[in-house]
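Take a look at this single chain, the form predicted on its own, given in structure tokens.
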Amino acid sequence: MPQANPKLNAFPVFMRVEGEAVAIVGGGEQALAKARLIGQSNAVLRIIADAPDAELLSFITATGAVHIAAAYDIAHLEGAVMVFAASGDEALDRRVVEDARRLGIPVNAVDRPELCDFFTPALVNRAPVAIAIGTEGAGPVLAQMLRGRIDRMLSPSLGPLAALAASFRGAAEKLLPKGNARRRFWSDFFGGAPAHAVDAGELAKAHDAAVDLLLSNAPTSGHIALVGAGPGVEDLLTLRAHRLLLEADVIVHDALVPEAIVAMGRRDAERLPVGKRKGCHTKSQAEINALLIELGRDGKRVVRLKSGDPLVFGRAGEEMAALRDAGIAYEVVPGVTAAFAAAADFELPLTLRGVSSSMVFTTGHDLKGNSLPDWAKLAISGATVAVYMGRSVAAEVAGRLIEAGLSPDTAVAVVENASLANRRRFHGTLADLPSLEARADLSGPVMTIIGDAVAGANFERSEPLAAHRHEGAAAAAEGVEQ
């Protein structure tokens, strides 16, 4: 099983090479590939090859690289800041590596990772912006595939925009206080009018827009994003949610949101846990509302991170009302709610033509009253029912639904830790559901889905609830005796 936080064996750095010599030993295809890579920098290329291929010779002529047309000698490496052994001859490459190390120069032997002091990355070049992708020599093809994807994502104007930003850095540090105001300027610079003007090729207009932005005295206004963190696994987070996390000054998160998702925010963002877990409420809802208002009035960009979708049992309504009354700007970013993740874990159709055309989300806690809630009537008429936080009320949910007329044979699917690698799946019928209440081993969030559509799920990787049914019955009998 992979480590939770694997560590790198090769740490990525950017080495200054402007005006410095980089030596490449070799006269063939490998040498040419490294020459083209290093040729994207302002390094002085020194190519040692007594009989270079025609294509490499053309490259040397076209770029003005230094060509040493002689058999290799250690003296050819002197003064270089980096060396590439790219001859294709193992004995010669080993000799170059040994010589470079004797001279204290980092060396890379092409296609010989065991001899390398460093690895060359797949490079996305938007000078002065560079994105380097490395695999420690394990998967060069993978690195190139990733390079292609990232290259397509980035605007060709990213380099000129970064160059413009560099010209404003000194002024921004002089005129704007460190912290929120300066961060807001750069966020608006890279995402606002200056960036749009550079994209359009209007560099003068971009410069003017940056000046206007820098001299604007408008106070920074706070903004709260009520963001759905999804069911738990990081790659079900939406792109918008990830972007807002990277822009946030403060991340206010519930206890059920995994640390791996909170960690996707800016490293210097303040992180405030607010609990809201069963039996462990560190802050009341009123206190959370007051905290969000205070942060908004302080001009902070806040992500209020909620498990699943913020509008499904997330008490977002109370927070939105409080922010509206306080005049604080906010937005809502949907997330993948646990019911959808649980259904996906079971390959379960929540609606099924000819079987179920509607669905209900509930916590089951409204069954405590004497009257049957409306959703229970919908379940009896064929709706698929998703019960959140349902383990502790499973027996009551099952009993009331059976009492109201839903068949005890109605299919049931149960998932603990939906979407996560440690999820557990169970299946059975409504009559089996009370066994959940006695399952002390189910410590994670439990989602229960009930309805005829559940019969269409894939139960190959799930356990039958019936195997634990006798345990639930024994626990119930013990309770009656006491």
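When you see a residue number, it is the position in the sequence shown, counting from 1. None of the values given here were measured: they were computed from a predicted structure.
One more form of this protein should be noted, the form predicted in complex with a small molecule, which is absent from this view; the next part is about it.
Asker: Only one of 39 to 47, 440 to 448, 54 to 62, 22 to 30 has heavy atoms within 4.5 Å of the small molecule in the model of the complex; I'd like to know which.
Answerer: Of the options given, it is 440 to 448.
Asker: Since exactly one of 96, 385, 338, 86 fits, which has a heavy atom within 4.5 Å of the small molecule in the model of the complex?
Answerer: If I apply the 4.5 Å criterion carefully, the residue I get is 338.
Asker: Exactly one residue in 312, 81, 291, 92 has a non-hydrogen atom within 4.5 Å of the small molecule in the model of the complex; which is it?
Answerer: Of 312, 81, 291, 92, the residue with a heavy atom within 4.5 Å of the small molecule in the model of the complex is 312.
Asker: Would you confirm whether the three residues 256, 415 and 418 all fall within 4.5 Å of the small molecule in the model of the complex, going by non-hydrogen atoms?
Answerer: Judged in the model of the complex, 256, 415 and 418 all sit within 4.5 Å of the small molecule.
Asker: Even though the small molecule is not shown here, does residue 307 get within 4.5 Å of it in the model of the complex, heavy atoms only?
Answerer: Although the small molecule is absent here, residue 307 would touch it in the model of the complex, with heavy atoms inside 4.5 Å.
Asker: For residue 395, is any heavy atom within 4.5 Å of the small molecule in the model of the complex, or not?
Answerer: So residue 395 does not count as contacting the small molecule.
Asker: Should residue 344 be classed as touching the small molecule in the model of the complex when contacts are defined as heavy atoms within 4.5 Å?
Answerer: No, no contact at 4.5 Å.
Asker: Would residue 352 show up as a contact with the small molecule in the model of the complex if we use heavy atoms at 4.5 Å?
Answerer: Looking in the model of the complex, residue contacts with the small molecule do not include residue 352, since no heavy atom lies within 4.5 Å.
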